[in-house]
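Presented below, as structure tokens, is a lone chain in the form predicted on its own.
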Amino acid sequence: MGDFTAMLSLPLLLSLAALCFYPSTISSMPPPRFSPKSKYAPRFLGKPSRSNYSAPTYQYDTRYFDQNLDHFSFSNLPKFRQRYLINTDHWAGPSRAAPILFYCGNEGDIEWFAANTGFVWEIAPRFRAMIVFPEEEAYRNTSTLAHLTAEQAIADFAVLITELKRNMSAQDCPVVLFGGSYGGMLASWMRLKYPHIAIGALAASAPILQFEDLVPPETFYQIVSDDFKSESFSCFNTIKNSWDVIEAEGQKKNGLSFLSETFRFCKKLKSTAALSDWLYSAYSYLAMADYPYPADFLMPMPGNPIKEVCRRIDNCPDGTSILQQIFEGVSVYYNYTGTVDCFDLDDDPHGMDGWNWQACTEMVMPMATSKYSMFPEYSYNYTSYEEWCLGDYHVKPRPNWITTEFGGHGFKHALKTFGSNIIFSNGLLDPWSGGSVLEDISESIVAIFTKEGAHHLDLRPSTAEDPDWLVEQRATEIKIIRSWLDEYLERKRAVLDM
């Protein structure tokens, strides 16, 4: 569709725990340059900024719903209180069959996602719609992690929507689903599994094909590398050459101390792997959030942050060490504001570690790197992956379950035959776009993408700095959503006129 036409995103864990997220990456022998036990690689959304968010403040009521812990068992299990945010300021009500815009909550604090999903808030007045942001509570509590699955999540949403509509006499009000990253995956899967609950879904940056052998395992990191290479080949090469330098320095006497001081860590590094993971994470998040204007979705960063990283690396004075160049560049991600005195590797302020559990159970996303990337070459090794999960969580991953539950092989035929009303939106700078849908499947399952776009940029609040292609992308999405609602209302009228 337009620039959005021709051509399918997150490290579900860069290294299982090192995804926002984010990719599951375990390397083969020789040992990887970063440890599969690391916490620092991107999840679907990664570590959020510790600063105050600059996103607009939206008004909502916070409510709770007594939700079933397990929808697929008849055991007498306790319920849990599911938090959700709701706004009815613009809702025209049941008598007008006014729509409900329902955001499929991700693997973190729902208020964070609500603050960064301005698109939903901005279109609500136009559609005279209610807004609902539910939260997945299971990620917060180790005792409920066993129930932290995509199947349970979309069942939670289905039950919540059904009860909410019943309580508000809104049974005839159509529901449109939204979600970005993992939330986008949930939105598309929910539309497929519960077509009677929601009439359509906007799935932004949703890597539903990042499983098994549906896409090459090198895809994610190759896109990250290409983002840097297209900005500056010398910058790309500096990063590519830095891994050997880091490893060599770490082998020296007091080398870890030197690295800790060079990169200003609050505590001494225990291994070079921890530093490598920290850098992997930054480069991946920079690619994901390579927005055309300043934002602090993950960390406070300037517009086109990869351009700024490479500018700093390339403009270092002659004689600057490669380690210092790397530090100058990566500081764009970790310390653009200049307010951080030292860096703490152990920080998960929004509870994103729940993703690690999911990556060790059903969200098994093979990741690898090739010799053409800016990262050390390694291959995906499921055996190592499984050993890590057994050791840390005492569970064995099910690498084939997602494709069994939601499809994947032959997805074009399956979606065309059984699906409808889904928008897959992507920005090709986003490394997760490589695992998403980049081509129209049918008249109503469409792919919208932009070459310059990054991780679910279309869902973010609009700004005066939005480029024309982003304004056009959102306008296209609004037009499609309007067609879904018009079609729904026409069918309702036809039934009433019979």
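On a predicted model such as this, the values are computed, not experimentally measured, just so you know. One rule holds for the numbers: they count along the sequence shown, beginning at 1.
Not on display, but discussed next: the form predicted in complex with another copy of the chain.
Novice: Exactly one of Arg264, Lys270, Arg126, His413 has a non-hydrogen atom within 4.5 Å of another copy of the chain in the model of the complex; which residue is it?
Specialist: That would be His413.
Novice: Identify, from the list Ser232, Thr403, Gln222, Asn87, the residue with a heavy atom within 4.5 Å of another copy of the chain in the model of the complex.
Specialist: Of Ser232, Thr403, Gln222, Asn87, the residue with a heavy atom within 4.5 Å of another copy of the chain in the model of the complex is Thr403.
Novice: Considering another copy of the chain in the model of the complex, find the one stretch among 184-192, 321-329, 252-260, 284-292 with heavy atoms no farther than 4.5 Å from it.
Specialist: Stretch 184-192 is the one.
Novice: Is there a heavy atom of Glu362 lying 4.5 Å or less from a heavy atom of another copy of the chain in the model of the complex?
Specialist: Answer yes; at least one heavy atom of Glu362 falls within 4.5 Å of another copy of the chain in the model of the complex.
Novice: Does another copy of the chain come within 4.5 Å of any heavy atom of Gly118 in the model of the complex?
Specialist: Answer no; every heavy atom of Gly118 is more than 4.5 Å from another copy of the chain in the model of the complex.
Novice: Closest heavy atom of His394 to another copy of the chain in the model of the complex, within 4.5 Å or not?
Specialist: Yes.
Novice: Hey, in the model of the complex, does His71 get a heavy atom within 4.5 angstroms of another copy of the chain?
Specialist: Answer yes; at least one heavy atom of His71 falls within 4.5 Å of another copy of the chain in the model of the complex.
Novice: Would you say all of Ala92, Tyr103 and Leu459 touch another copy of the chain in the model of the complex, counting a heavy atom within 4.5 Å as a touch?
Specialist: No, the whole trio is out of contact, none within 4.5 Å by any heavy atom.
Novice: Just to make sure I understand: among 164-178, which residues lie within 4.5 Å of another copy of the chain in the model of the complex, judging by heavy atoms?
Specialist: Residue within 4.5 Å: Arg166 only.
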